[in-house]
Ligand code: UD1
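Shown here is one chain on its own, the form predicted alone, set out as structure tokens.
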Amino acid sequence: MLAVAVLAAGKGTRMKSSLPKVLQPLAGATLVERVLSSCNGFQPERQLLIVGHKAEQVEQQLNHLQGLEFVLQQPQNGTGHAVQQLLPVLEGFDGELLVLNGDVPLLRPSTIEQLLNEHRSSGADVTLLTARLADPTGYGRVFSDQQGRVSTIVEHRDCSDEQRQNNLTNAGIYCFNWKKLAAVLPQLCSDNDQGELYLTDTVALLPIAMHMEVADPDEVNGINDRRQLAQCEALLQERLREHWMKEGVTFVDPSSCTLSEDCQFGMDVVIEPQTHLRGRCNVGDGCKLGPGSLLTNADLDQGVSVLHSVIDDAKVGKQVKIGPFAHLRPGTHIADNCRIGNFVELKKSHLGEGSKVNHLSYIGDAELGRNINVGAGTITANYDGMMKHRTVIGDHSSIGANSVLVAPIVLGTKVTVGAGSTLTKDVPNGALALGRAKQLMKEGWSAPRKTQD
């Protein structure tokens, strides 16, 4: 049996944020969500999150995660004190306890699996993850023999000058035999520089303590401030880009682009510089994104081109061209072979196959059929001051430039709207609709001029 406990009670004062440290975002997910998701493949019997600082806010943010148990640590008196809070919660539990940190988000599931396997095969009471760091300042030092058996761990602030020469550091990630740990947890004392209860002190109290050195020290990078958050973001983005380049995606300037882990790409996708994808994006074969585009929860079929544009919660069919400077807002659905051009905004609208909105238009709360041409400067006036209303335009219609369609309104098939019209009434199939004021002319007229003083 396996229980996972994530330490998430700290204040994170160095972040200088009203948001708890474990809720800081990293590539589209919070730090603690990343830590929890790294264990999903092991199907632990218990998942426990030890909370303290702004506990209610953390619980509210994570209450959608099924099976997650919240354990309150109050006051926060160190990592040992945090795990002591599990004594009543895990009473009668007979298995392993995996202890993770809510601010160490880059740990790979494969590394956790290796840690669990080594712990089980060695028969140790505790196996801890270690890393050799070029600069171990601030990290606890691990002292062990050739076989990996740990004798002691000394926190950096408690190390002598000689002990600080050791660069084998404690990553703060442990796999315990829970019953053995539960027996020694009450023995912890706060006789140290911080006056706190250290979980590391349990290592000296347990008969068999082993360590496993992580192959990539970047996996155990902790986050305490904005600089470290940015460093972890850069590492995670590099991982994501390298993965997708191996899968056949071209990044013209990789370092200028960012992704989320929920993105999926087809073959022969080209991503131009300064293009960013957030949330759950699905990008089909042969798409070209950017330069300078932002996609959030976008679903793009094959052969879509997006230039200097924003797509947010929208679905786009095959061979659609978008931009430059277009904005597809939530609820928009573009069918195959459409064209969305310069400075066009669409919201909660559906465009049928082959339709075009090429210039300077706003189409909101609208249903457009197939092969419609929308002239420059067209607006669907969808808001009456209290409610939104829909515009419906039938197949093969043509909307003249600078037209305003005041919703609710229905235009039939093969309708032609004269340029400069404002329409407020439905139009039948095959009709020409004009809604202009009468043009007036005054011949021989000259503008009045200001009298010179």
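A residue's number is simply how far along the shown sequence it sits, counting from 1. In this text the structure is predicted, and so the values were computed from the model without any measurement.
Keep in mind that the form predicted in complex with the ligand is missing from the display, and what follows is about it.
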Quiz item: Since the chain is shown here on its own, which stretch among 351-359, 282-290, 367-375, 172-180 would lie within 4.5 Å of the ligand in the predicted bound form, judged by heavy atoms?
Solution: 172-180
Quiz item: Of the options V320, L277, V104, A209, which one has a non-hydrogen atom that comes within 4.5 Å of the ligand in the predicted bound form?
Solution: V104
Self-check item: Contact residue in the predicted bound form, chosen from N382, T130, S309, T200 - any heavy atom within 4.5 Å of the ligand
Solution: T200
Practice problem: Find out whether any non-hydrogen atom of Q73 is located within 4.5 angstroms of the ligand in the predicted bound form, and reply yes or no. | Solution: yes
Quiz item: Looking at the partner-bound form in the predicted bound form, is T79 within 4.5 Å of the ligand by any heavy atom?
Solution: yes
Quiz item: So in the predicted bound form, does G341 come within 4.5 Å of the ligand, heavy atom to heavy atom?
Solution: no
Exercise. Mark L7 yes when one of its heavy atoms lies within 4.5 Å of a heavy atom of the ligand in the predicted bound form, and no otherwise.
Key: yes
Quiz item: Going through 215-233 from first to last, which residues have a non-hydrogen atom within 4.5 Å of the ligand in the predicted bound form?
Solution: G222, N224
